[in-house]
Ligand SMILES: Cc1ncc(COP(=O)(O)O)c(C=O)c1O
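In structure tokens, one chain follows: the form predicted on its own.
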């Protein structure tokens, strides 16, 4: 059987492999604590569940417009104005089955074979694989822990070549939790390249951090967002992209051909989240703040290096090179000995090798027990 050549260049998602090994250990009767994946330990808010059930009972199980329900697109535009301070027409919103398909379609739109895209690193593991699937090349620009993982504009400028087509940005970031400063975002906008801004963790910020979107600065950009993280709706698979006017029609054609439309009843759930669930998000953020402090204090006591505390999302990328420079080996070793599932830094690029990513999306008692188990294992 013949496979496409890009398949050989795909890198496994190591955090998922650690998680899947943890599930296997659970089937064998072991109590495994899950700190490897970013799955909010909350149920979807009641208004979301009620809207989903009502939509199903009304028979809203058919196709919608490929761009999404107009009511949802309008609600997204209203939410964009509240959070980013800029009004976009609802017609510039395309609703998708999760944020990842929106990112992949946009990469397919902008990248020809051999083209390049700048990706600050550490980075979300799926970004380079999506780029490789386009027969293009990710160019990684390392960010330093000592600088709070702020993007170095000089390094970005040095990485630009005649084949550079765009910049892929994530703020707040997975895996570092870094929130890029307004000065950094302004500097990226001044480079004149389209910016792909993944803002799925916007709203999950701490200690007064403020997120600056390239959209609010008038940049030519694609803004990706969704409902999985902020509203604890990972299984609903609902996201969207805010699109520059010239890209709207080609992206809509791709959506029509590749995905048809997002599920009708799920879009009703997204509308309810935007219209009714701000109090639930506020309470979740307060809970994440407590979990963040609990995990940071515990990891520091265990001797992990944390140069800067994360400002957003729900991850801590901790330096574990004093234990093992091979993060994959270390993550699997701790899983087998302590039954704590942790993401290896290798997943997030060379800049994160030797680090481990811990998620505080899980419950507080899980974090406390995980710290105790790691203490015993490391002793």
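Residue numbers count along the first chain shown, from 1. The structure displayed is predicted, hence computed values, not measured ones.
Here the subject shifts to the form predicted together with this ligand, a form of this protein not shown in this document.
From the candidate stretches 141-149, 242-250, 176-184, 193-201, select the single one in contact with this ligand in the predicted bound form, where contact means a heavy atom within 4.5 Å. Of the options, only 193-201 has residues within 4.5 Å of the partner.
Although the partner isn't part of this model, could you tell me whether residue 228 comes within 4.5 Å of this ligand in the predicted bound form, counting any heavy atom of the residue? Heavy-atom contact with this ligand at 4.5 Å: present for residue 228.
Indicate whether residue 98 is a 4.5 Å heavy atom neighbour of this ligand in the predicted bound form. The answer is yes: residue 98 has a heavy atom within 4.5 Å of this ligand.
Does residue 103 make contact with this ligand in the predicted bound form, using a 4.5 Å heavy atom cut-off? Yes - in the predicted bound form, heavy atoms of residue 103 and this ligand come within 4.5 Å of each other.
Taking heavy atoms only, is residue 74 within 4.5 angstroms of this ligand in the predicted bound form? Taking the distances in the predicted bound form, the answer for residue 74 is no, it never comes within 4.5 Å of this ligand.
To verify the annotation, which of these, 92, 264, 237, 137, has a non-hydrogen atom within 4.5 Å of this ligand in the predicted bound form? Of the candidates 92, 264, 237, 137, 237 is the one lying within 4.5 Å of this ligand in the predicted bound form.
Interface residues of 127-150 toward this ligand, as seen in the predicted bound form [heavy atoms, 4.5 Å]: Contacting residue: only 127.
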